[in-house]
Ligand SMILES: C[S@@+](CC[C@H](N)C(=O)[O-])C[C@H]1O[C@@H](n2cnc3c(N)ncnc32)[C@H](O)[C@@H]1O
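In the form predicted alone, a lone chain appears below as structure tokens.
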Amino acid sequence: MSDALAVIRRSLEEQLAELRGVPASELPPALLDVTVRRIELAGGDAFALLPRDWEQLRHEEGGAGRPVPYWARLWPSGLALATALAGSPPAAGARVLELGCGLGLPSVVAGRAGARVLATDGAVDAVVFSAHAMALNEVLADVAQVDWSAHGDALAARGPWDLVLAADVLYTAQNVEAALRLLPRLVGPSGEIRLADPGRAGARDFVAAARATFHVESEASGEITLHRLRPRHG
């Protein structure tokens, strides 16, 4: 694994430097100090690629005046969504979109099931890490830098999607409002949305409002609630 990690680090360094538009020497050292975490899931293990020391990365990014790298952690909501998806995967060939993919674990699981996946995130670093995670898991999937709350039109234009995935994205009132506007435009009559949330007030507001448009089923999984939304007809 050490040799494989060395190859991954070199590839990450090249792509991150290019996309950030800086010399590789100016990248935060903690961004390239990566590790691979094995995640036990139904149907076989998956592998997550992530910075080894998130607190150090946050410190280095903060010192450079850059945003907190929330994308760089395996948050409980993402793990819960990936676990649920592994137990109830999309059909082979289904068109799947993940919003705010972070490290991309749910997209890895969907791609492993044979779905046609587009993993998106507003952070370019997240997109680079997700692309490498797909390769590490031998999954074919597309990744793209898209801030869904601001640029949802492009995602809707590529729809309708059979399945839309999102983990812990309803953390601001702006995101709740954007989700209520966008999500009905992303799926067709037979489509489905799966959300994972750690009990945020925004998610409760979203689900309450979304019931006018979707049939909603919610299930608690530890501290995380999983929501499945299907469009209402008529």
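Since we're looking at a predicted model, the values are computed, not measured. Position 1 is the first residue in the sequence shown; the rest follow in order.
One more form of this protein should be noted, the form predicted together with this ligand, which is absent from this view; the next part is about it.
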field: A167, L49, V187, A203 - the one with a heavy atom within 4.5 Å of this ligand in the predicted bound form
entry: A167
message: So if I measure heavy atom distances to this ligand in the predicted bound form, which of the stretches 156 to 164, 99 to 107, 133 to 141, 84 to 92 falls within 4.5 Å?
response: 99 to 107
Contact test, all of G191, T213 and L226, partner this ligand in the predicted bound form, heavy atom 4.5 Å: no
message: Residue-level contact is defined here as any heavy atom of the residue lying within 4.5 Å of this ligand in the predicted bound form; does A113 satisfy this criterion?
response: no
- request: Answer with yes or no whether L118 is in contact with this ligand in the predicted bound form, where contact means some heavy atom within 4.5 Å.
  value: no
In the predicted bound form, G122 touching this ligand (heavy atom, 4.5 Å): yes
- prompt: Going through 142 to 181 from first to last, which residues have a non-hydrogen atom within 4.5 Å of this ligand in the predicted bound form?
  reply: V146, D147, W148, S149, A167, D168, V169, Y171, N175
